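Next up: just one chain, as structure tokens, the form predicted alone.
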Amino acid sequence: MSGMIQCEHIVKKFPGVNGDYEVIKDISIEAKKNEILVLFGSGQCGKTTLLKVIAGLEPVTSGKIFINGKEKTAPGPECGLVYQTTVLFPWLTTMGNVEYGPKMRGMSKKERREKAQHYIDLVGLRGFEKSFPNQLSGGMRQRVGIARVYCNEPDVLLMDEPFGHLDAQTRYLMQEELERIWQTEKRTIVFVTNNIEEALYLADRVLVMSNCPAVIKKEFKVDLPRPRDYTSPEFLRLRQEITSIVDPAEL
């Protein structure tokens, strides 16, 4: 393996009443530089656990993880996380949330404001710099979250079903926006979802995960032009192919 993210023989177990409960079983994957790698599977199949392991938020039971060639054993600035529910500081404005990371690192006010403004513009929120989270829609709050992560300039973005709580129309819009943002400023993204259309719209590659203990059932390369058409014959063919290897009990 030689990617931006390398996971080698990852096993993750949690202690249980009747012994250890295995969530991840010997998974080896890689995410290449500037690609969008999607982890697709049912709820509770271990996708989020694998993401937390990559982020250094959960220790592995066995195996190793490398980010850009360096072993990952703890949280660090090389990884930025975007969660399913927006985790913004409610007492800070859009500008305050986006500039928070550089501010904590001691960056000057002028420099961090310029940097934050760049990413606020990138996610389409110019004019909302002074708005507080409770004054923004769900989609707008997720844009603030994305801008905040980008402002920290991580090598890797880890996204845990970030659009899962949005209504269908906003979800489609945010998928298009994320693709646009990624095209403008490339990052390596690992994106977790249980929505097959979302997986195929965003991914360079889709890794289909089984139920616990999770293994990678199959990898699909999504070699379709961007932006993608949900109704194109090739999109629908891939959708059917992925659906055919997912057991109904796993959906």
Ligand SMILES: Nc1ncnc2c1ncn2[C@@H]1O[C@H](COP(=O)(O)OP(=O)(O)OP(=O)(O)O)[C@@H](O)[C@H]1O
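Quick note: we count residues from 1 along the sequence shown, nothing fancier. All of these numbers come straight from a predicted model, not from anything done at the bench.
Another form, the form predicted together with the ligand, is not on view; read the next lines as being about it.
The stretch among 27 to 35, 63 to 71, 44 to 52, 215 to 223 whose residues place heavy atoms within 4.5 Å of the ligand in the predicted complex is 44 to 52.
Although the partner is absent here, residue 170 is not a contact residue: none of its heavy atoms lies within 4.5 angstroms of the ligand in the predicted complex. Looking at residue 161, you'd find a heavy atom of it within 4.5 angstroms of the ligand in the predicted complex. Contact annotation: residue 10 falls outside 4.5 Å of the ligand in the predicted complex, judged by heavy atom distances. In the predicted complex, residue 230 stays away from the ligand, with no heavy atom inside 4.5 Å.
In the predicted complex, 58 is the single residue of 54 to 75 with at least one heavy atom within 4.5 Å of the ligand.
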